[in-house]
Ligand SMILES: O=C(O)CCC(=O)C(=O)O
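In structure tokens, the next block holds one chain alone, the form predicted alone.
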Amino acid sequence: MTTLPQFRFNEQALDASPAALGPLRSSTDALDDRGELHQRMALDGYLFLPGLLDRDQVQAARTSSLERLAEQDLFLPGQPLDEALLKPGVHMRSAQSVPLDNPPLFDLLYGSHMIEFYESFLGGPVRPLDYTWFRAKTPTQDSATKPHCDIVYMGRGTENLYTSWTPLGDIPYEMGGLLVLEKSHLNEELKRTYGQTDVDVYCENEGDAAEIIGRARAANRALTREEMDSIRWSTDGVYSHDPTAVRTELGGRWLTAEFQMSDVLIFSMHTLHCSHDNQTRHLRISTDSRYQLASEPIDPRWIGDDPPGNGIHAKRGTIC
């Protein structure tokens, strides 16, 4: 990786030296070798697959998604929609209405290419989670995704669940793509501590937590911000707010690439990852979708016609 721009995280400069930042290894050469793919996932905690998807199909999903976002008056008038050139001051991180009733996006993520890959990789019929995470990153402070592992959000089913991070457009370095921390999935201390937490578990024996949760359940409503802040949770999902401190603590480099439309980055539930700042004037859009063997247990929070997600009925009490 040469002549890199200055990477930033929440407007703070990141170390781009070879000891701190490195390239993702492509695994397109092993697409027809299931055993090799499993060895690389076990060793690296990810599979980077440039060109796995059909570029025209990705473009169709991008266009349909941008059309929905344009209804929110985000983009500069008079500019091509595909440029996704933002009005000044627009701030967003996700747009969960975009995947709803969006056939081109559904076909991309849950149609032939992606499912065929997972059926080959996992060796059997595949069950995706029904919830699609849609990321829309603007060039504003606090839009970068903080370092975390997915297990704390979706760990109530099999751990043999994999995330596909799919860029819906070319993402040069300046636009702030995904970073994965080298060998972080092998850190047993990380898995034994942070990796055992659950964002929907609360301390029912502290304060008024049990009463607050009970009232919200009875009313079938979400917790207010004040109620959330008054409860002690197992975790807020974030491992750290500082990618540099994480690398110093755990070792390894942050790994990334200049992503192209049709690329997919697949990683395990225990692979620590984050994103860096979008330093352009264009909206960066991508999706997270998850896949597992249909025969293995599945996290009930993320399945069904209207997945409950992290709603009030997903909360579990524990004695702290």
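All residue numbers are counted from 1 along the displayed sequence. Owing to the predicted nature of the structure, the values given are computational and were not obtained by experimental measurement.
Although it is not shown, the form predicted in complex with the ligand is what the next lines describe.
- Shown alone here, Glu258 lies farther than 4.5 Å from the ligand in the model of the complex, counting heavy atoms only.
- For Leu108, no non-hydrogen atom is located within 4.5 Å of the ligand in the model of the complex, even though that partner is not displayed.
- With a 4.5 Å cutoff on heavy atoms, Arg127 does not count as touching the ligand in the model of the complex; it lies far away.
- Taking non-hydrogen atoms only, Thr138 never approaches the ligand to within 4.5 angstroms in the model of the complex.
- Stretch-level contact analysis of 31 to 39, 64 to 72, 46 to 54, 283 to 291 against the ligand in the model of the complex, using heavy atoms and a 4.5 Å limit, identifies 283 to 291.
- The partner is absent here, but in the model of the complex a heavy atom of His148, alone among Lys191, Lys183, His148, Arg215, sits within 4.5 Å of the ligand.
- Of the residues in 246 to 282, those that come within 4.5 Å of the ligand in the model of the complex through at least one heavy atom are, in sequence order, Phe267, His273, Ser275.
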